[in-house]
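Next up: the same protein chain in two forms, each one alone, written as structure tokens (structure 1, then structure 2).
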Structure 1
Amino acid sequence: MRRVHLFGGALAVAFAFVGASANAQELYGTLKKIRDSGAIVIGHNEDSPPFASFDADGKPKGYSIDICNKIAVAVKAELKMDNLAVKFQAVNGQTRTPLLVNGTVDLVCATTTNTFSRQKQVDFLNTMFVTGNRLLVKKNSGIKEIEDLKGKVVSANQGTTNEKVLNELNQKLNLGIKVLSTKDQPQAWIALESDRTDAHMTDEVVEYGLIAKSKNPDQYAVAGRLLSFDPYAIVIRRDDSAFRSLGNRVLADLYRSGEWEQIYSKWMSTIGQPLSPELKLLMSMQNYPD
């Protein structure tokens, strides 16, 4: 009995291998799903300019959206489906993981920091942007570095990597900062504007964006050194190397051809953030050969 089982098991394994190698060229995962459904669904933030927000006609626009559109074009070519539909689905911090995992959206274009904790649940394409925590302050506050915030009130948005960094630095540098956990950027802005807080901690690029759209941009400043390293990446489902490699090839092409710099200046000029040599180098390092 036992031997029969073993034999059967071995046969099954052998067939599985044969089957797998025969199917190696077949589509699987996200690409298969896109071909079968005839549509690629791009999940995106609604309120994260210049990365992902809406234009006047209510269409998604931004740096992340541009890159995802490039990926959609590449998917179209890969699947040879000229009439592939590109759909958009708005997501937020609460919905993006479930909607990605259950197949409602195929990739998430937002301002997501690639972290190892999150990699247990989702996968990330190569880095599409690098930023980090800095301080958003009022110019006349005299605050230059985080050390100047001893005993003051600083906000960071709930559940973000920014909040984590703020709490860690507060302990490590023994600053006695009172942390206000704001719900989102608009609330953090009101708190800073109305002198409820002395500084807001978030990603540098977000701070430039907040200042750019404020009523009195000249009263606010991005201050201090970079306090963390936040690589933004497009989020995809785990264990899907075919789709990941397709996405990464699109990114590498953008960095190699210089098209990335056009996308960068198209969106970052709207908030007045120049392209630093460091960022340019970081991006060019992902220019993997075809």
Structure 2
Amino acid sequence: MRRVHLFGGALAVAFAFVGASANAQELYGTLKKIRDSGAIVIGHNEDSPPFASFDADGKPKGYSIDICNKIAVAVKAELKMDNLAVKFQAVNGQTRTPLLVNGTVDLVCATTTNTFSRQKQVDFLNTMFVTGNRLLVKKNSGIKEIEDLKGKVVSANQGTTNEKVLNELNQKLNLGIKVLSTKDQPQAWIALESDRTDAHMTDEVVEYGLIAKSKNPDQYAVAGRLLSFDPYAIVIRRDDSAFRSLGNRVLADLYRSGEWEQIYSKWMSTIGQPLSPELKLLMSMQNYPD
């Protein structure tokens, strides 16, 4: 009997050890970093309304910010850390990838297009918005389509898909455009406002946001046909399936519950963009079961 008791005790210890090891192994990558540091750091644009900008108190706000705050709440629940700090770090087209890869930020909540080229360095959650490149111009410029930009100066933010599309179309259509690489949207807007550029190329929905925020919105217009397909997604580090699964579950819950439509209306109404049936269908296709 004593031998049986000893065996039973050893077995219990073994199971406890295996269980503890399994629990320790469950946490890795971004979730482990967040638990160990006591904070989740959200990277965001400074001036890309309605996706990410600042409110009157200097706090980040916008469509992307609302979704990432939902992810932060889910992380708190997953780690059972009610006191987890939520911090914000401004990024732009040049800094978002390095700051994510080196661990300064844990996710990037901006207006980033998911591309295969970028997937060589980072990973993406499921799509949170779909837009495409168009032209931002002054109404009195006479510019209607990209072909009207032959020989003119056009800005695009450095390191973005907008810049890549502009360079490709410039070459393909033999337009002779002089491309001005700008740091961010405010710099591009100043260049357009002061007539240093004839047009700015960026995502359609961002252009409506810039116009809505300007001093003289009646002087500007979004022009031309859609020049690309740009699915926006929240950016995370590569090879982190646990954090990706958590983020995608948050997105699916938002689409399933209808809360995503509330977030959309809250922010897109500020730029006069109602929800189209096509975009609603695209988002609903990511309503994966739990």
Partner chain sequence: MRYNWNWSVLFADPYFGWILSGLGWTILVSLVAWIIGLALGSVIGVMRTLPSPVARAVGATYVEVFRNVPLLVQIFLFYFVLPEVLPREMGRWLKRDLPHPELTMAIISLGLYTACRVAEQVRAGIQSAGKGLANAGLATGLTTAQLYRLILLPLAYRLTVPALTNEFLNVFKNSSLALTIGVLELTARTRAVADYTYQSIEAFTAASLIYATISFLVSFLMRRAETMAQLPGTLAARER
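Here, a residue number simply tells you its place in the sequence of structure 1, counted from 1. By rigid core we mean the largest C-alpha set that fits within 1.5 Å across both forms. What you are looking at is a predicted structure, and each value in this text was computed from that prediction instead of being measured.
> Where's the form predicted alone, in 1 or in 2?
Structure 2 is the matching one, since it is the form predicted alone.
> So, between structure 1 and structure 2, does the rigid part that carries residue 176 also carry residue 45?
They fall in different rigid parts.
> Using C-alpha superposition, tell me how many degrees the smaller rigid part swings against the larger one between structure 1 and structure 2.
Rotation of the smaller rigid body relative to the larger: 16 degrees.
> Can you read me the CA shift for residue 163 between structure 1 and structure 2, rigid core superposed, in Å?
Displacement of the C-alpha, rigid core superposed: 3.7 Å.
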